[in-house]
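Take a look at this single chain, the form predicted alone, given in structure tokens.
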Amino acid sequence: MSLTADTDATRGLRIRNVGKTYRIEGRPLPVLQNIHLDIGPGEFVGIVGASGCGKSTLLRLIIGLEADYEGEIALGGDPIGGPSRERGIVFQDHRLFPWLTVTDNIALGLEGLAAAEVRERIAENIELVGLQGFENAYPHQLSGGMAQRAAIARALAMRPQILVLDEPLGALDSLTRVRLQNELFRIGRQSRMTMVLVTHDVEEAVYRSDKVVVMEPRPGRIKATIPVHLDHPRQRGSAEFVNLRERVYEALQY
């Protein structure tokens, strides 16, 4: 069974001079301005910033949920103009369909594949997120952490080249949050998948990321990109970790 992306794993994400403006009651409201960012294949990138700085909007552009923007977003040189199986997303709430089982929810993005391939992908990703035995459970029968695992499995089943995570652990208790942080890191390394995580948790970003992107608001801009050159497993109490965390906090001051 293959856990890697269906497409060429050497393709990186290139973002150049990206801007996004909404219109509120007929008036322009710039949300993103002059965003430049390179994300290499297999990188885990954390994006932090205050509410309203455009983090989630940037993720929507990367996924292709919105195509009305200025500048260039390209995956391996191919412009992003709409949703694609190459790019998966997990939101803060699991967004599972309540009338479908875990298996059926995961199968939603696999239309057009042979039945045997669908079964294989469902099985491998249920195993990957540790939901064996809950294949036929409905969302209301799952804990919050288990529901998020199912949502992650649904995104991974499409074998995206990039997995975008929009604060997927924000609503969980601290113990479940730490456990799923570890799971996401393990999945990323095992699948060699590029991951982009939006979070308000600076420690979470430093703990998992290869680099942390700090954004400032109104309109959203990248203020700093801080590389994280720490070996894994990382020690949250180490001097190097604490120093990096403080650098991110300092960059967040406006």
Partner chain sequence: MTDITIGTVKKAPRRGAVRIWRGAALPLALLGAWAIVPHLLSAPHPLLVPLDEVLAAPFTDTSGREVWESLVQTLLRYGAGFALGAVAGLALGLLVGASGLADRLISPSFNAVRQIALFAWIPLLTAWFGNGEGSKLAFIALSAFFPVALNTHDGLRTIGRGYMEVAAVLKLSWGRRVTKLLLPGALPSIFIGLQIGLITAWLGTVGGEYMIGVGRGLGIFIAEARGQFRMDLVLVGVIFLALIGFAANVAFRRLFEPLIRWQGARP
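Quick caveat: nothing in here was measured; it's all calculated off a predicted structure. Positions refer to the first chain, counted from 1. Rigid core (definition): largest C-alpha set, two forms, superposition within 1.5 Å.
What follows is about the form predicted together with its partner chain, which we do not show.
Although its partner chain is omitted here, in the model of the complex all of Pro98, Glu111 and Arg154 have a heavy atom within 4.5 Å of it. Remark: Ala67 does not count among the residues lining its partner chain in the model of the complex, judged by a heavy atom distance of 4.5 Å or less. When its partner chain is considered in the model of the complex, Leu75 lies well away from it, no heavy atom lying within 4.5 Å. Although the partner is absent here, Gly130 lies well away from its partner chain in the model of the complex, with no heavy atom inside 4.5 Å. Proximity of Val48 to its partner chain in the model of the complex falls outside the 4.5 Å heavy atom cutoff.
Of the listed positions (Leu184, Ile122, Ile162, Met158), a single one reaches within 4.5 angstroms of its partner chain by any non-hydrogen atom in the model of the complex, namely Met158. When you look in the model of the complex, the only residue of Ile89, Ile126, Leu169, Ile80 with a non-hydrogen atom within 4.5 Å of its partner chain is Ile89. Of the stretches 202-210, 186-194, 222-230, 59-67, only 59-67 has residues with a heavy atom within 4.5 Å of its partner chain in the model of the complex. Interface residues of 129-153, taken as those with a heavy atom within 4.5 Å of its partner chain in the model of the complex (partner not displayed): Gly133, Phe134, Ala137, Tyr138, His140, Gln141, in sequence order. Annotation for Ala107: C-alpha shift under 2 angstroms between this form and the one not shown, rigid core superposed.
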